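Two forms of a single protein chain come next, each set out by itself as structure tokens; they are called structure 1 and structure 2.
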Structure 1
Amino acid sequence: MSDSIRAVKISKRFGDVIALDDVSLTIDSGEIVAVLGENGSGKSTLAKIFYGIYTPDKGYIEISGKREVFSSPADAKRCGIVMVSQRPQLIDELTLLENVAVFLNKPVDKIYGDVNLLLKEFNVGIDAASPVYMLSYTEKQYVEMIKALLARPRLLIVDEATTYLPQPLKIKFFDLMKKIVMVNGSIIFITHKIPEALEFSSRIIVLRKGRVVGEFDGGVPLDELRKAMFGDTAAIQIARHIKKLSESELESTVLSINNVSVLDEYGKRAVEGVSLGIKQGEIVGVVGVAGNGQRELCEAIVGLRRIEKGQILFKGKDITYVSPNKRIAMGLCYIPEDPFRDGVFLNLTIAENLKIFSQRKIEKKALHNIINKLNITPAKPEIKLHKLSGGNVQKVALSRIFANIPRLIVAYNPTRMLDEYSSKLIISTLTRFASSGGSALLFLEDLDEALTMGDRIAVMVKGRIVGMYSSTAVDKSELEKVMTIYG
């Protein structure tokens, strides 16, 4: 079709890694095409070629029959291509509004109305005047989407950007995208989540190890997509492991949060009188719509945020004013929300990152062991992290579970960037950890995951825990109702 955008026989390699191998695809005007693939299958590399960040070794992009060479995103933008990626690309020091203005190259007062309209439409309660460095990962993604929507692109590439938005916002975003983009544009929707691909696209292209291995229409069975994505990788069974703990162990409280209040960056109370105990061998999931105090509570527990009122006990000791370092030494393992910002050193190798996590020398064998356990690819300790795909960077952040011997794991969306296979690996790692006597407090945006992993689930709304459920006695729709009831 003359009005289509095509990738033609594109290949791209990085050293001895072949990221894309002879990839061709066509997107017609008005179409939403999903590109589905496991972590490291080449999705982001393809997106970056469309957006002028990488140039292909072979092959080219064609727009309406015309061959284009992009040597920067500015070139791609001139042709109407905009990308929202899994990593927010914002200027931290500027406000939300200023970021949008810079991206659109328009004065602030010309876009003020439009930005506020979209903020209202999303109903996320962030102010256009907020400096971006104060926003959470999810909030930053809203800003990216606002940028993208207001640019009215001819091709919008969404690279894992919506994967972890709460479902109602995801639907809202897609509605808006359709309204704005589909007028005379199209969307490439990149994801590693099969249900998401099925829900939001009309055609699905599966990438595996840099190659197009299948093209499907919307009615394809889930299992067929899974097979195309992963080949015959044996399915990981997540068993609820039988806990081999004595009565007294099961009764012993590892973490006890007593009437804790925490302020946010503006001095506003973000956590209000939260009390919560976690027993040995127990996993507690904290769920809620993003921005209801989860981040502040999490940071307070690990020692990155001052507590305004209340007390935290870990293994019976008062740690309210104990430094993060000491907490780690006591057996608290923290896996932050955004591995790129807080979790790893991108300019160091896998081996170097692990050495820092463990603060001791790690034998070669142990290193390979950890890499294998988490299925980190490429499985090379000497590779620098900025060369890994997003999912694999997250796995390196998660490897701190193995770098020490934790008693309590506090994690924020630990599977955010992982494909189904890798997520299951992590979930089974965490449940096994709990079965052998470890405890975990997991802040989760994915309710299915919370229900799979958590023994109990706490719902946070406006800084308070408004409900506490046994995971066997509650379902997803009930949790969703409680999460939004006071909204």
Structure 2
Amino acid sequence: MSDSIRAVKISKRFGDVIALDDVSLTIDSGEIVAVLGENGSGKSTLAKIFYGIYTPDKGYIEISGKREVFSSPADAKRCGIVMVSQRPQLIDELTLLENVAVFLNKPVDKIYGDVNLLLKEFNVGIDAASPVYMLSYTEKQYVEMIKALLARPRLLIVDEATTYLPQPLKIKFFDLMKKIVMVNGSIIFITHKIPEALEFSSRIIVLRKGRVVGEFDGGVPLDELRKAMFGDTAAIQIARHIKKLSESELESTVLSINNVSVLDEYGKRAVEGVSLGIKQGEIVGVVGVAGNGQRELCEAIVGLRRIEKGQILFKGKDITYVSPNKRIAMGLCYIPEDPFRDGVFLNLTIAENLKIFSQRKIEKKALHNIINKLNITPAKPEIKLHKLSGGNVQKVALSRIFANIPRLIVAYNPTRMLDEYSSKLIISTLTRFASSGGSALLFLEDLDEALTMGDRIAVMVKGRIVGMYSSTAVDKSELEKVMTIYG
């Protein structure tokens, strides 16, 4: 079509890593095209070429029959292309409102009403005057969505930004995506959630190892998409873990959080009198809409944030004021919310990161075993992390689990940015860890994962635990109701 947007024979390399190899793709006006692929398949690289972050080594972008050269996102925006990134691209020192104003190149007073209207429509409870550094990773994604929607794009690229949205907000965002399509806009929807791709797109493109390996309509069977994405890789079967512990071990409490309160960066109480215990061999999931104190509580437990009052015991010892390094030495393993900011060293190699994570000497064979277990691609210990996809960076952050022998894992959305196969791999790893006597406290925004992994699920609202449930006696709809009824 004359008003289509095309990627024509795009190739891109990063050193000896081939990210895209002769990829062509057409998006017609009024169309939602989903792009699926495992971690490292080239999805985000393709998105960044459309958006002018990367320039292709070969090939070009064509809009309405005219070849375009993008040397920056500003060039793409002038052509009506906007992206909601996999990783939020915001200025932490500015407020939510100021970030949107900078992106749209408009005065704050001109967009104030529109921003607050969308915040009200999303019902996320964020003040437009909030500095961005105070927001959680998922809340920053809300800001990215607001920026993109107010730009009224000709082509909207959504790069794995919907994974942890609360269901009501996700539905609202998809409704707004459809409105863009109704006025002849187009959408590239990058996701690792295959059911979402089937539900919300008219066509599905599958990338594998940097090449297009399939194009499907919305009626394609789910298993056919899985095979196109992962090849003949055997499916990972996840079973609820069976504890092989004695009665005394089952009664042993590994972590005790006693009446803990925590302040945010502005001295406002973000966590209010939380008490929680995790026993040996138990997985406890903490769920809630982003911004209800989960991040502050998690950081207090691992020693990154000072508590205002209360006490934290680990293996019976008071660690309330113990440093993060000493907690790690005691057997606490922390998987942070944002691997790029807190989880890895991007300028170091995979091998160097694993050696830093390990508290003991790590042999070459063990290093390769960890890389293979996590399916990190490319499987080259000498490659630097900044050359890896977001999902593979997250896998390197998760390698802490294998580099040590932890007693307790504290993790914040550990499967963020991971494809379906890799997510199941991590879930299976965590359930086996608990079966062998380990314990885990997981802060999760994916309720399906919480129900799959957790023995118990705590619901956190406005800094308090408002409900504790056995995962075998509660369903997703009940958890969603509790998460919002107190809001």
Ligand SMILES: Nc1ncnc2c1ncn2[C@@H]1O[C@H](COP(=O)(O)OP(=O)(O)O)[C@@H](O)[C@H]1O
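Just so we're on the same page, residue numbers count up from 1 along structure 1's sequence. Between two forms, the rigid core is defined as the largest C-alpha subset superposing within 1.5 Å. Everything numeric here is computed off the predicted structure, so don't read it as measured data.
By the stated condition, namely the form predicted together with the ligand, the first structure is the one that fits. Comparing the forms between the two structures, the C-alpha position of V181 differs by 2 angstroms or more, with the core used for superposition. Taking the rigid core as fixed, one finds a CA shift for Q359 of 2 Å or more between the two structures.
Once the core is aligned between the two structures, the alpha carbon position of G15 differs by 2.6 Å; this is the C-alpha shift at that site.
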